[in-house]
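Only one chain is included here, represented as structure tokens and corresponding to the form predicted alone.
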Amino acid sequence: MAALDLPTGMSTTFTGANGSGKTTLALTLAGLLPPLSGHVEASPAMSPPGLRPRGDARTDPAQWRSKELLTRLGTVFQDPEHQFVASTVADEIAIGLRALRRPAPEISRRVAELLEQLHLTRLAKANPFTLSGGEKRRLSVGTVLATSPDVMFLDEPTFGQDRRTWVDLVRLVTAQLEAGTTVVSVTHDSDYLDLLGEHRVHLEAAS
């Protein structure tokens, strides 16, 4: 692939057939996979403070620690279960905030706010693995929204949603964009593309 830039504060969408590499590209840009070729370079303004220069480490997300990624690059996986680590829905949303050592009242307030926005309040004490597919998807989005990263990577964010929860998810993404967050979405959802396909990147499957 030629050079790819992600416009700051805009919505970028990755489209293409299954197997074209959309998810791999998103995870690579998010610092979760090493590049198969080439290199990934984040804006120097995003570099974690105090990070010792070692080659391209200051701008290479793959070399940042998980705590350094929390407020910089957030990722919603294609399979939400791959990112669940807590025993309750509320604790799952709170994990990143606790890792950042945010004050308890702030954590409680933010968790309650996201539970309400994602229609998960009644499931606050449920085990994340017992949720429906659509509920798991919304929870995984909530865990990323909690720490307000500079860039959000969403892999099929609207999959499994009904009309009401689809609208609410799109509103949440739109609110992030309005707040200056850069959003990158892997999607096959034509309605989502109509609303949030500001900058589209189409990948062709390897022949």
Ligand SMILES: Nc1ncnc2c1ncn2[C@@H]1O[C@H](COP(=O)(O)OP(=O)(O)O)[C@@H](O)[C@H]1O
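These numbers were taken from a predicted model, which means no experiment stands behind them. One-based numbering along the sequence shown.
Omitted here: the form predicted together with the named molecule. The next part is about that form.
Contact check for residue 36: a heavy atom falls within 4.5 Å of the named molecule in the predicted bound form. Shown alone here, residue 21 lies within 4.5 Å of the named molecule in the predicted bound form, counting heavy atoms only.
With a 4.5 Å cutoff on heavy atoms, residue 17 counts as touching the named molecule in the predicted bound form.
Only one of 66 to 74, 139 to 147, 23 to 31, 162 to 170 lies within 4.5 Å of the named molecule in the predicted bound form by heavy atoms, and it is 23 to 31.
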